[in-house]
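Only one chain is shown below, in structure tokens, and it's the form predicted alone.
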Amino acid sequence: MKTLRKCQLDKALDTISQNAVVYAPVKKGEMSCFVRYQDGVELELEENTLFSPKGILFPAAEKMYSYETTGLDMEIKKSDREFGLSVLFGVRSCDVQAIVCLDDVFLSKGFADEYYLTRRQETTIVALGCTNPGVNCFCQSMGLNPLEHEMADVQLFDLGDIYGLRARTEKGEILVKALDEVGLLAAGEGVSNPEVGEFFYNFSPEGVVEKLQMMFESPLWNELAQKCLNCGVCTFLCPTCHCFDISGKKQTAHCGHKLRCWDSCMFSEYTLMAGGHNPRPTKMERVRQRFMHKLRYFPERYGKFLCTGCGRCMAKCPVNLEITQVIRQVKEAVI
């Protein structure tokens, strides 16, 4: 393990920025999110951000291609997807796990989404371990280690006045070497990992997948739907939600472009078909889909939960419809 003095963090980020675009957690009034690092920004390293880094790899809106028609002929031009080398700095274990889930969605099962792939291949993830879980955090209950994640390229440990750095991949070794060559790092022999604080939520999701396989027609979904507003705030803050819509914008009668934009399974229009049929016509079906996807369908397909325990949905849900309570109700339900 190498170490970096916290007072040299800005210099370290400036060094990394010479060869890559650095995205770091920043505080902006009441909001916190990942933005491009530059001098003078106020880093938010004490607690997790309200908005995850998902939007860096999977933008909320992106132009896919443009088209132009001439008579009966059409020319399609793919959008320039040059992303360049980038570094996601200060990513918590829950959000690293979320990126792993997005990798499953966009890069596995014989298909690779080229828009996501380009960004993912050129991105180095520098994770920062959590020592003080937030009031809504429950990543440990979902099987994660808040102090480190094995899929990070570089893992940072908060050791008081210094950070410990451990490279896990080739990309991580390149980044650590760059900092070492300019004299920012020191040897960290004998430095032990920090301890994590107490979590307010402690439970086990064991058996939830199997239980949900028998609960498609459960009255629980009607009960939850009575409370839910279908506002969609949970899906837009969630680091793993990946519903999207493809819409067109005409510039003239003969040319335009297609956009991919975030969407939400909480919205009735999301599943509305061209002929007018909607397989999820009421809140009940939409609420059921959200929790079934997180806790049953995704584990069945990819072997992991689609909830990483970040707690963002719990923090901002206007009616306090908490996924931790849903897990408890599922486990307690009588079939």
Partner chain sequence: MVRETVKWATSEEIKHINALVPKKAKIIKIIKETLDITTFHISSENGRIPFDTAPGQLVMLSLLGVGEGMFSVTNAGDHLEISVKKTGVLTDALHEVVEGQTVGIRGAYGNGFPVDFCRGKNLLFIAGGIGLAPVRSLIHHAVKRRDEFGSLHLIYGSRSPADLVYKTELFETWPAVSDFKVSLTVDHGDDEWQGNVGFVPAFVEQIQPSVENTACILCGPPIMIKYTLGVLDSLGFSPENIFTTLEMRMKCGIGKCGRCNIGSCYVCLDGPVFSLAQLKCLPNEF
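Note that the structure is predicted; figures quoted are calculated from it, not measured. Positions refer to the first chain, counted from 1.
One more form of this protein should be noted, the form predicted together with the partner chain, which is absent from this view; the next part is about it.
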property: All of R120, R260 and E269 within 4.5 Å of the partner chain in the predicted complex, heavy atom check; result: yes
property: The partner chain contact in the predicted complex: R280, any heavy atom under 4.5 Å; result: yes
property: S32: touches the partner chain in the predicted complex, heavy atom cutoff 4.5 angstroms; result: no
property: Contact flag, K227 vs the partner chain in the predicted complex, heavy atom cut 4.5 Å; result: no
property: Residue contact check: K294 to the partner chain in the predicted complex, 4.5 Å heavy atom; result: no
property: The single option of D158, E148, D113, D180 touching the partner chain in the predicted complex, heavy atom within 4.5 Å; result: D113
property: Segment assignment from 135-143, 166-174, 218-226, 194-202: heavy atom within 4.5 Å of the partner chain in the predicted complex; result: 166-174
property: Stretch 240-263 - residues with a heavy atom within 4.5 Å of the partner chain in the predicted complex; result: H242, C243, F244, D245, I246, K250, K258, R260, D263
